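Listed next as structure tokens: two forms of one protein chain, kept apart as structure 1 and structure 2.
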Structure 1
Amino acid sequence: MAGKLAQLRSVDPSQYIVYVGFVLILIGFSIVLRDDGFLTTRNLLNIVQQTTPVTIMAVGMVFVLTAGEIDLSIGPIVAVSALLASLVLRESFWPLGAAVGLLAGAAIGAVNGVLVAYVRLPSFLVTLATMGFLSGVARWITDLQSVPITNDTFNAIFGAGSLFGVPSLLIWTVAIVLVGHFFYHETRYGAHVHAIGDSAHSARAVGIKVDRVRFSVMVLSGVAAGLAGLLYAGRLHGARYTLGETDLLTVIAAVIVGGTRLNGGVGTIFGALIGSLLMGLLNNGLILMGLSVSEQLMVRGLIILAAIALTLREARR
């Protein structure tokens, strides 16, 4: 029943606007850039691969926003997780490095979660504080030095490798989006997340363990950011304190453009994927159009504004 309810509620016209916008922009670029290699498999794959870390953080963020919370600390979690993983990889085998990166994300998410769910502090302020603290940690861990990763297996799994010809980053995108979609729409857990975002009071009244769910979404977001950190590190064969620094706004824009509500209760995982791809598509297409950097920034700003205006107008009806 709760699952059905959640599904019904997630049918919101706002979530289809992004698909229309995405297709329109895709068609637009395909026409303008028909001779510029835009439609090559290679280039389209590039877009998916380049957006993988943002997509994965966006999946985590959909859960967080739907539960009526927010996580501003994902950027530095990316850097801390990538740096710790690469330090472990210097001495040890890759599963341990990967595990340390993910655990770092989970642990930071758990600290956020305890403060939000059990100490009852607002997530906006908690994660604003942890964001600042962790930026310091990221700089301090290696004293601003980059750490190279020479483990080929790690770099293949989290970076440029492939399985049966399918690039690993594409596999990560598809896997995380499908798993995220399943838990978000098809499980009791997903229904609880929705219920809390709608009304924590009613959710508690029907026996949902509100605190535990709140805690869990923060952990989930931390793990997603940790995984994003591993993916960046694998792609660059190394980690640096600036990784993820500029991702927070991209992730939030992707999620909101995708049709998830900033104030809870409504969201979509596929929408977040499309939102994230849209961001990557804009970066890619505007560079290929040969625009100067200033022009790229202006056009991107205008398109995102248009997309958000469309989505949010629909949502308000």
Structure 2
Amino acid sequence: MAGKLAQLRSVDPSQYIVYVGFVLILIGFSIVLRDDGFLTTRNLLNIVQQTTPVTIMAVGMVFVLTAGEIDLSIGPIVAVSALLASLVLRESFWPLGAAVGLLAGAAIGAVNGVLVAYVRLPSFLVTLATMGFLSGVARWITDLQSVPITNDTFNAIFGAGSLFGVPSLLIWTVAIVLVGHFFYHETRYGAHVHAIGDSAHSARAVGIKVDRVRFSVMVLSGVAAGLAGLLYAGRLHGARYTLGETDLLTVIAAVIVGGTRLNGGVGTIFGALIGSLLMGLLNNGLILMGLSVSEQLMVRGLIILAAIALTLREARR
């Protein structure tokens, strides 16, 4: 009996808030927007596809935050990766363009990782500086001009295509979430990430390569942002310097609301997925309600603030 009580006390209630909130918001919008096509298969599938880049970046951010770090540069990485891939696709075949986009994300993540893990600079300041620098690079690459993508294969794989009737973006969402969940929860690497977030000193004492793991989570975040850039470019059939510029708040909100703690050591991949879909539900529902852009931003901001405050309150308890 005492053992069962101890298990109940060890349960973190914050990890369930996102699921309850998701269901409540889904029900609320379904009632309010019952005549506007909100609760239709087409609209719900559209929400999943629109949130795919955010979901993928959220998976990478779970690893980063769990390790006790943060990456503020994901938005500009999205734009730079998408633009570089688009420029390569003008002159070459699609696998090279996709590789360049992913390598750009990995390279930027590696720079962040070196500065954080080996130079020992705070990840907040490093990625804040990287964010500003890359924002300028994204504007400079094409002189504020968009770059269209006419490669149908690339656009199908990373955008509006399908496999056996299943949309490509849905496949990307499921694949990345499952792979992320496996490595986060079922491997030694995931255990090391958790250990470092709990106590880097203790992790180092038991032989974990703390610097190496910190470096790797920053690279992982960069690759996730690079892939998100490819998915944006494929869905929109082109790239522009503005891609990803508003995603940072959404990604962090999705991850925190999903049950990952800002101070490290605790996280969940499936929670990040639900948090991302929650952000998508809010965006879609507010648009269907006819709210202006400014009203949408205010309402979404208040809801996110309330959800994060409740999550952190339960985590402290």
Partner chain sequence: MTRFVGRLVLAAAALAASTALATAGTTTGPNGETAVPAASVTLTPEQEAKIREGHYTAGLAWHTPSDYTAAVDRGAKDEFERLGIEVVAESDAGFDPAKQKNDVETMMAKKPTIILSLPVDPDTAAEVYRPALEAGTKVAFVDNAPKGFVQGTDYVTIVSDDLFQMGEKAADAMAAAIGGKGKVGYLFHDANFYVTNQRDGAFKETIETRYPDIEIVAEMGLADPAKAEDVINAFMLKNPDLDAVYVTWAEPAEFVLAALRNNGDDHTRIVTLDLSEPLALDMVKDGNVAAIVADEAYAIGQTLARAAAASLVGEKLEPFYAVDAIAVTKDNIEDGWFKSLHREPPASLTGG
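Note that the structure is a prediction, hence the values are computed from the model and not measured. Sequence positions of structure 1, starting at 1, serve as the residue numbers. Rigid core (definition): largest C-alpha set, two forms, superposition within 1.5 Å.
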Fill in the blank from the handout: Which block is the form predicted together with its partner chain? Structure 1
Problem - Did L45 shift 2 Å or more between structure 1 and structure 2, C-alpha, core superposed - result: no
Exercise for the section: Compare the position of the CA of M298 between structure 1 and structure 2 after a rigid core fit and state whether the shift reaches 2 Å. Expected result: yes
